[in-house]
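Given next, in structure tokens, is a single chain: the form predicted on its own.
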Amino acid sequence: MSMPDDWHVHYRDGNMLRMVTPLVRKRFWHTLAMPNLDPPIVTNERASAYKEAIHTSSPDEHDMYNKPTHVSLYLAETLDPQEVANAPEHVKAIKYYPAGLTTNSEKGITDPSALWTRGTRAHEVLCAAAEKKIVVCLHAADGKNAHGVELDPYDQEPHFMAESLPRIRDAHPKLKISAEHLSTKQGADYMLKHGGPLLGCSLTAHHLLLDRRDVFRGGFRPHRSWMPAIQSIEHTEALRDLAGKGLPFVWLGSDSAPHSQAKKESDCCASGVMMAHAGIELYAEAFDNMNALDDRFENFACRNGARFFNVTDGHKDKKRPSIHLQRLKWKVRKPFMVWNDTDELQHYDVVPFRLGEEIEWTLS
């Protein structure tokens, strides 16, 4: 098959970036880097610097420069609409984070109504994105309801799909929107009804492979804890049904989001899971389970996202290569070691998805 794309990847920074990048770029052609660093990426200058950092973090810089890297801006209260209007070609998205609902989202938007209320900075940013034809990637969750009452984490996405997303779309009818890492039947149903040229979604392998029972089987498993929270089996089945239909507005976004083992196995478990070590192999397993390992898989992985984000392979030196996947089991045997950024004598481990378990497909 053609080398696939990943339209939602957390490269992180520092030595974590240097560990993650070769794993991602071995498997994916176009990638979209998320902006929730500390501090977040809110200027084009920082976005360009981050793209350069990703390129130079690979052992083979020439190979990296031939692989298209796209960067997103963080929809913070401080994001200037003029930055969006002047965004360079490699800035393909604005990422919306509801404040406090996931990793490094503290600078996100505290009141989602700002997205559809005229006169707010967030509304102006979305208007600029629509004019520039930049995609707005939504962490599709609400922290509170209209009365200010905190929502159950399992209700955050359904509330957003029912209450917030329709208002955003009404306020910005020309805006391209991607609902990121859908996790619920409500999200899948909304996409089936409304998805099209201006509205699409990404799906993760971990939301397609597991359901909520897997988090608690034998005790709480922190390395299966991420946001949006994994739901019960009927939601997983709805996501599989959505992915298996071969629709053009559904694409691959791994949401690979590594954390140190200490942050995952702590009193306040960090949300996210590292998928980069088997980023495409796990999707192959998911689609194989759905009997959809055909053109539907290649379109989902290689074409749909690129079309929505309006990118082409273009230059002859950037021709998209092929990869070969084979049905061959292998075991994830050990964590990944990362040297500490501030103390070169210290290191920490990152636990990948399925550590100690087998993966059904191999990239050869």
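Start at 1 and count along the sequence shown; that's the residue number. Model, not experiment: these values are computed from the prediction.
Another form, the form predicted together with a small molecule, is not on view; read the next lines as being about it.
A residue is said to contact a partner when one of its heavy atoms sits within 4.5 Å of a partner heavy atom; residue 36 meets this definition for the small molecule in the predicted complex. Contact check for residue 181: a heavy atom falls within 4.5 Å of the small molecule in the predicted complex. Looking at residue 215, you'd find every heavy atom of it more than 4.5 angstroms from the small molecule in the predicted complex. Contact check for residue 25: every heavy atom lies farther than 4.5 Å from the small molecule in the predicted complex.
Checking 270 to 278, 86 to 94, 170 to 178, 152 to 160 against the small molecule in the predicted complex, the stretch whose residues place heavy atoms within 4.5 Å of it is 270 to 278.
With the partner omitted here, the residue from 164, 236, 102, 186 that has a non-hydrogen atom within 4.5 angstroms of the small molecule in the predicted complex is 102.
Of the listed positions (257, 115, 71, 201), a single one reaches within 4.5 angstroms of the small molecule by any non-hydrogen atom in the predicted complex, namely 257.
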